[in-house]
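Here we start with a single chain on its own, the form predicted alone, put down as structure tokens.
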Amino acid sequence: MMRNIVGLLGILLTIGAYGCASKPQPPVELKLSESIQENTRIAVAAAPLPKVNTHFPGAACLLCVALAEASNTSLTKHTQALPQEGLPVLKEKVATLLRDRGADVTVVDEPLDVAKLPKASRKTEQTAKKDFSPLRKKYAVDKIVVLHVAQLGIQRDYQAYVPVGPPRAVLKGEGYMVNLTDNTYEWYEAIDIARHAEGSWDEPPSFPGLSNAYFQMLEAGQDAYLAPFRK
């Protein structure tokens, strides 16, 4: 248990430090008629999916994390058993929408670990922070769509060791299209979907209210990734 707590605290500190040092990427609206034309060669890739889990932001100290985890044991066990329903095939759904517009689409089978790509040397507001250009030759495409789900599960906010609200189902991530010729975004959208239980949430062990909220959140999250390609 202590090893897990220390590991979680390290992740929280890393995320906090990264968030302070990095400026959020502003959204870039996808202009379908310009970006996706007949025979445009596009790869569609997805980052590795995270495990479905509970998250307790605000419980920052070791004791706070331990108390938050201990008081939500049943919820965590239930959350970890929830499916990633629909998300593993999300890139195939995007590929279908692109093909409907005449694009020449390659679906990247393996998960794309963007963290392993080199940093981009050019820095502008619309330039990707990572250098995606090596993927142009690797996949024989001109552009790449990346679907990234960073957090999935149930989140309950804390202030130290005290919960400050009911838990909610959450999906957080981003979707973007990079032009591999100049490494610029032709689409960028941060995804942040949350759903609360209707009525009571604290109904262990099956948590029906939160479970319904989770599946509603999953549907809304998938739609958020697909909607730009349907316009």
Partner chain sequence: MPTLPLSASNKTAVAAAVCCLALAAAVSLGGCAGGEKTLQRQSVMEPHSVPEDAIFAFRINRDDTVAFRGALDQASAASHAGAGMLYPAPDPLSFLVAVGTHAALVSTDQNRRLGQQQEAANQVLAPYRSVLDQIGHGDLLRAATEHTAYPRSTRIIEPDEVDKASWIVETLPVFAMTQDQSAFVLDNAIRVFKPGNSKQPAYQNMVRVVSIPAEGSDPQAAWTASDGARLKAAAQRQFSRSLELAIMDVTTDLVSPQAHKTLRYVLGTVEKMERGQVLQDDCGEIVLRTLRGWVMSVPKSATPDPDAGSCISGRLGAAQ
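Residue numbers count along the first chain shown, from 1. All of these numbers come straight from a predicted model, not from anything done at the bench.
Missing here is the form predicted in complex with its partner chain; even so, the following discussion is about that form.
- Proximity of P50 to its partner chain in the predicted complex falls outside the 4.5 Å heavy atom cutoff.
- Using a 4.5 Å cutoff between non-hydrogen atoms, G165 counts as a contact of its partner chain in the predicted complex.
- Among residues of the shown chain, H148 is not one whose heavy atoms approach its partner chain to within 4.5 Å in the predicted complex.
- At the 4.5 Å threshold, heavy atoms of P26 stay clear of its partner chain in the predicted complex, well away from it.
- Proximity to its partner chain in the predicted complex, taken as heavy atoms within 4.5 Å, picks out 198 to 206 from the listed stretches 40 to 48, 26 to 34, 198 to 206, 180 to 188.
- Along 204 to 231, these residues reach a heavy atom to within 4.5 Å of its partner chain in the predicted complex: P208, G209, S211, N212, F215, Q216, E219, A220, D223.
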